[in-house]
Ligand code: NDP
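Before any questions on binding or motion, here is one chain by itself as structure tokens, the form predicted alone.
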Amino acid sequence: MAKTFQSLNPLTGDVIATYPITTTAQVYEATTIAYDAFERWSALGFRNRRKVLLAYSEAILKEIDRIADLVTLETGKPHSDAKLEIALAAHHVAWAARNVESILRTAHRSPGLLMANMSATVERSPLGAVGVIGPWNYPVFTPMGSIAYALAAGNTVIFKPSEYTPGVGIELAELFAEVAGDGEFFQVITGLGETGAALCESGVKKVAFTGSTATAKKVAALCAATLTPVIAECGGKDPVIVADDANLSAAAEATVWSALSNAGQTCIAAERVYVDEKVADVFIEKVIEIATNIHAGNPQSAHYGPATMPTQNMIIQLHIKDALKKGGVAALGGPKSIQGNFVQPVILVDVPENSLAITDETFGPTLVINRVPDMDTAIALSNASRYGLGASVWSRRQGKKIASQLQCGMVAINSTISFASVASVPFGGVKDSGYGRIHGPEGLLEFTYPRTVVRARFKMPLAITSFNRTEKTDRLIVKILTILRGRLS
């Protein structure tokens, strides 16, 4: 009898549906199918794949309410937030479709004076079958940043959605099959960690993973055995830096939204703020005023819903208690803010830098605000984290200067998480936040490999690649290269 697992409604705990646990043999079979389909999909060429992907983007938008209902059911997030996520995902699908040809077309390179008889080109070829392991917090937007870009580049995809949001993953694949007329280009496998592990070992040419740093290390270790490259988009502990010349009202509003929306279950959410001590009191007052009016509850009426993964609330509580124990102050809420599956907003101030609320990803609707004497201190504390995903800087005059010194993959100046909405820029982190990039030209390049082609156009008087090369020729080659030193290349 086939093994199954249940998808639960995080709001009520009720069973939404039961799904099969894809076995290792079935994962391997899906990979074989993906490679067979790869020949057909890649043969379509840029123009025909563009038509399919643009139709897919339109289909997603046409069905946005129905898909959003499913996202809300499986994650507990408000319908409005689900629609925003889906709309942005559709935008990325269309961007990849429209721009892939110009980004991946064959590039001509200068052969240099010494090899002037050669035509030098670099081609970009799709990898083949690609595995994508998706998260539950943004079950459409995040995996689509890999799926759409991989498909646009000419690869086929096997997608393993989170066990918390399998229905969303199946819906995305079925919708693509409808517009593509083929269900083998983009397949879905469902299951738990073992299914994801099987995908890593199945022979796919690359794995794009989104999830915790701890799980990313396991994925990377499995893939290392077969030299399968990995894109790892992991957790974050994103800082917000507020300078004394910042628009404090705008900074407070955006920071509260970033920290609390989706119940704080966002890898690029604001988790810690470093605010100039000259304006700290005013900023904290504005944050508390806004956050006081934000409430968790039924997603049909509240600002955000329950924790999608119930065990996360234990981590949130641990971080709050550790911060208070070490001398932090609860400016709003506290341990009692955790009420069953819900966590009401928590604002902590003056929290020691060695507390868990500073060092570890909380992934909940909490925010730490610490005063700093200057921006150099804010930058140093921001960079002290082992994470390096995103950041936000609020300053009228110093934004670019501060941003350029931050050790992270993305920075928003006088805005929050705006980089996720710009399809033309890469998304990803450094340090424990992972490696590799999705979105933008870099996201398309991730799912290809370069092939260098150098063609002789005519015979050169200098015989370089020959056993008949003379000592005089060697001296002349060395002399030419010494003079050139990379010039005219």
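Predicted model, so just to flag it, every value in this text is computed and none were measured. So that there is no doubt, residue numbering starts at 1 and follows the sequence shown.
Unshown form predicted in complex with the ligand; subsequent notes refer to it.
- Distance criterion of 4.5 Å from any heavy atom to the ligand in the predicted bound form singles out 191 from the list 78, 169, 364, 191.
- Proximity to the ligand in the predicted bound form, defined as a heavy atom within 4.5 Å, holds among 246, 358, 219, 73 only for 219.
- The stretch from 299-307, 211-219, 281-289, 95-103 that comes within 4.5 Å of the ligand in the predicted bound form, counting heavy atoms only, is 211-219.
- When the ligand is considered in the predicted bound form, residue 239 lies well away from it, no heavy atom lying within 4.5 Å.
- Residue contact check for residue 163: one or more of its heavy atoms lie within 4.5 Å of the ligand in the predicted bound form.
- Though the partner is left out of this view, residue 136 does reach within 4.5 Å of the ligand in the predicted bound form, counting heavy atoms only.
- In the predicted bound form, residue 196 approaches the ligand with a heavy atom inside 4.5 Å.
- Contact annotation for the candidate site: 274, 379 and 403 all lie away from the ligand in the predicted bound form (no heavy atom within 4.5 Å).
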